[in-house]
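Heads up, the chain below is alone and in the form predicted alone; it's given as structure tokens.
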Amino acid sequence: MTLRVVVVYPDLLGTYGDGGNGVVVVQRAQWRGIDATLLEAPSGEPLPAGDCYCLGGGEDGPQLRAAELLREDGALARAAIDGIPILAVCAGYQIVGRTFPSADGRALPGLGLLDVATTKGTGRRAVGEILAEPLDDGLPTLTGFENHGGLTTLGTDASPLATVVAGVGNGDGSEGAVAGRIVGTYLHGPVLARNPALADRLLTWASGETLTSLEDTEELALRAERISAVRGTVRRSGRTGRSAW
């Protein structure tokens, strides 16, 4: 059976190159001999059946439109109920939550797949490198780039993905959220290119297979460079968490 990795509405949620996350999952599957294909699902068509879904970042108007279409379509909600892995980044992360803010700060309904709520921040926008330590000790340090103005609060049915070392993340010292096989994060990069262990976690869930190791020389070199650069900034500034940016 071919593994189907779906990039959701790249025409609406493709501002920051997060469609690359789908490419990474497919490529890492194929490198291991797993038959996999990438499906780009435009907003004008029904969302196809998939074994893994990737949502990316987008601007306020497209974010609202994506939320409305996904609610009407219903396929992503059904996938979540069936335990299909979902990676939601930035605007996508906010969409799969309970509420997210409009451009003027009003609370808009999300899909309710993650027990999180996002409001519009009152301070400066979070823009810059972000480093976070996962609460799951099976994952190494997460590295990425954030660009958002939202503050996200987790409810009791969601757990933080990581604790912020440098950057903003959710705005309370935590980064992202996890519930079952749904992962939300503010990390761009794309996040799976910078964090292959997280990509393999999603691939394991999607394929149900025990994965063989890959020689991630280039990926690890990128990680080491970015992590070192951010840690150097933290050491020089003497600050961590939200105040670092």
Partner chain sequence: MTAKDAARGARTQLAVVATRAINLASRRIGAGRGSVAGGHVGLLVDPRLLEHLAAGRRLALVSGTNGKTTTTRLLAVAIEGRLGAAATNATGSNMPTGHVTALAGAQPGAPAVLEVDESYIPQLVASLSPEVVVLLNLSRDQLDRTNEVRMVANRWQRALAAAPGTTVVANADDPLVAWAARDAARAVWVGAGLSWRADAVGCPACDGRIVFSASSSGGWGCTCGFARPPLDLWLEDPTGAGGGTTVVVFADGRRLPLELRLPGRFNRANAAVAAAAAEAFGIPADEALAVMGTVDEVAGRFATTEIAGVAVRLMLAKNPAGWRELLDLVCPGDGPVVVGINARIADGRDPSWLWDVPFERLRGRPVIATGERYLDLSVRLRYAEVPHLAQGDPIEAVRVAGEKIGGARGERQSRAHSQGSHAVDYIGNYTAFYDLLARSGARPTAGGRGAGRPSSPGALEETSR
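Note that this is a predicted model, so its numbers are computed, not measured. Positions refer to the first chain, counted from 1.
In what follows, reference is made to the form predicted in complex with its partner chain, a form of this protein that is not presented.
Engineer: Residue-level contact is defined here as any heavy atom of the residue lying within 4.5 Å of its partner chain in the predicted bound form; does V127 satisfy this criterion?
Structural biologist: Yes, V127 is a contact residue.
Engineer: So in the predicted bound form, does any heavy atom of H188 sit within 4.5 Å of its partner chain?
Structural biologist: H188 belongs to the contact set for its partner chain.
Engineer: Would you please decide whether R181 lies within 4.5 angstroms of its partner chain in the predicted bound form, comparing each non-hydrogen atom pair?
Structural biologist: No - in the predicted bound form, heavy atoms of R181 and its partner chain never come within 4.5 Å of each other.
Engineer: Look up in the predicted bound form whether I227 has a non-hydrogen atom within 4.5 angstroms of its partner chain, and give yes or no.
Structural biologist: No.
Engineer: In terms of non-hydrogen atoms within 4.5 angstroms, which of the given stretches 59-67, 46-54, 202-210, 173-181 touches its partner chain in the predicted bound form?
Structural biologist: Careful reading of the contacts points to 59-67.
Engineer: For the stretch 215-234, return the residues whose heavy atoms include at least one within 4.5 Å of its partner chain in the predicted bound form, in the order they occur.
Structural biologist: Sequence-ordered list: D216, E218, E219, A221, L222, E225, R226.
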